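There is one chain below, alone, in structure tokens, taken in the form predicted alone.
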């Protein structure tokens, strides 16, 4: 009868434990020798290969060689060298020309290529020159920093392909202009959630209203001219607070979060929380007409009727600077999100650019023949749109300070606002018009249009939403503008769905990363560059103070040697040798400069001869 071979029991396994066998392990059978037959000592066919070693067999051999008995838990442990070796071997898997477990080579070795357009989108500026090799520490830091920047650029470009949302758009039927489509038709055509974003608030008693959306785009702040102030979560229509300050309200503005907001009242500036409790009354800021908040600097910039531009640091509650613009009443104000520059419009048709570091304007532009009515700047800091009393709407390139487009509006535009996707809203009386791509090809007709119930007092696009808020004399209107908002938000910067705990953690981190007012300038990329002229001036001042140059090369002093090698002749010989080496560098540099000058002179002579076009008999002797 055939007999089954019993499995071998491990020595270190306790008695009484059950065993689980792998399904691929087969049971081998042998036949008993018949009577009168002798068994072969060696088979006539040898083994082709050694059978695979199981993990328990390898453990036993190691235990025999070491002469020690180890427990099962010790057998399963691996040394760090084995883990490191296994990690290195696993890292080679799937490389170019390498075969993987299935035996086939990877048809797409390495990482997937990233499109050049995506890389340009996340480019962080041009790379600077590396420091010289003697400064190896600084050179190493710069190289590692640029490598980290390149890695972040590639990762952002890769993740940009996986963003779930796309920008919206509006298309009409054949021979139908999108500007003729009403808000009611849009609300009926879209889903219930998007249709609920179009609504009207009838507040005819305390209007007209100015408005502001929070940085996350979830909360709305309204301020009526006759003292009515309210803030709410406009998506859920949940009221946060409502009050009447019993005096004129000129402007309202959210601060760094939805927990605090500022109100420019008739006489002074007030700070409230989202429950309507008055926290501060800042009497240094009087007669404020317009406000702008710089989120990364924690600065509240105010423009007053007395012609003063003031900055308030809301993190410590102190005034940073008060600048007298000497331009009269300041009721037109905007800020550049790219470099935190404040743009002010004046009654003489000029627009000035200001920072808290200087008492004079950085740039002064003549934009209109009449007074400036409104100014808006896009989020990239490239384009500026202005409207004036001359009924013109002009688009400027801030990089070159030149006009790109000029449009004539029959009644002019009183309020301007730019969305995250580049849409421009212009309010004329009770008509709100939205234009698309105003700095590209000339626009002949608006993208959308809407008639409000009263005269428009303020317009503002909601961040990360296709919504335009309009404050007018009869209350507030929320318009649906497809394609206005950025579809994908950065959860670490502005998260509309963050909890109270996340908001607190973000606030602490933002305070730690606050940018100082001294760093505000026209070109933010200059912060990573070295000011050589300033360094040279400081070096000269240091030399004059010390009486010697601390960075100068020390005079060579030969080292004292024994056995007659420090005699006067040998010491002088060593000094001359070192002096000759220094002279070689000077001579080499002089020769290179002379050759460069000669080359430039010859090229200049050739150009002059070619320009003259006259040949002489001696030209054939020239090389």
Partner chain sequence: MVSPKIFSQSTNTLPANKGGYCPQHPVGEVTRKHMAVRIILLFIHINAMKVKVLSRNPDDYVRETKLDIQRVPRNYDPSLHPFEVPREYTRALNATKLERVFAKPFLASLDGHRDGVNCMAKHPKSLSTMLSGSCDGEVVWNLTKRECVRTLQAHEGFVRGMVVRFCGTSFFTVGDDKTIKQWKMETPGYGEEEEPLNTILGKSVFTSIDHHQKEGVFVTCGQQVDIWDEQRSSPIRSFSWGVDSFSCVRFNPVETELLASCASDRSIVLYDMREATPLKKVIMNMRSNTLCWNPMEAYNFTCSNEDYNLYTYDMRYLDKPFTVHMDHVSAVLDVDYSPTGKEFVSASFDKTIRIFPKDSGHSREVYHTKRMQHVISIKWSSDNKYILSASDEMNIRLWKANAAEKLGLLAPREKAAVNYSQKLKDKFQHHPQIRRIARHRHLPKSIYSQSKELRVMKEARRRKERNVRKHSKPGSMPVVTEKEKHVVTVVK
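All values reported here derive from a predicted model rather than from experimental measurement. Rigid core here is just the name for the largest C-alpha set that superposes within 1.5 Å across the two forms. Residue numbers count along the first chain shown, from 1.
Missing here is the form predicted in complex with the partner chain; even so, the following discussion is about that form.
Annotated contacts: 146, 586 and 592 are all free of the partner chain in the model of the complex [non-hydrogen atom within 4.5 angstroms].
Annotated contact segment (heavy atom within 4.5 Å of the partner chain in the model of the complex): 518-526, selected among 279-287, 518-526, 256-264, 357-365. Taking non-hydrogen atoms only, residue 539 never approaches the partner chain to within 4.5 angstroms in the model of the complex.
In the model of the complex, at least one heavy atom of residue 121 sits within 4.5 Å of the partner chain.
Contact annotation for residue 546: at least one heavy atom lies within 4.5 Å of the partner chain in the model of the complex. For the chain shown alone, residue 150 is not a contact residue for the partner chain in the model of the complex, no non-hydrogen atom being within 4.5 angstroms. For the options 480, 221, 418, 375, the one in contact with the partner chain in the model of the complex, meaning a heavy atom within 4.5 Å, is 480.
A single residue from the set 408, 535, 296, 401 has any heavy atom within 4.5 angstroms of the partner chain in the model of the complex; that residue is 296.
Of all the residues from 437-466, those having a non-hydrogen atom no more than 4.5 Å from the partner chain in the model of the complex are 445, 446, 449, 450, 451, 464, 465, 466. With the core held fixed, residue 142 shows a CA shift of 2 Å or greater between the shown form and the other one. Relative to the superposed core, residue 197 undergoes a C-alpha shift smaller than 2 Å between the shown form and the other one. Once the rigid core is overlaid between the shown form and the other one, residue 153 counts among the residues whose Cα shifts by 2 Å or more.
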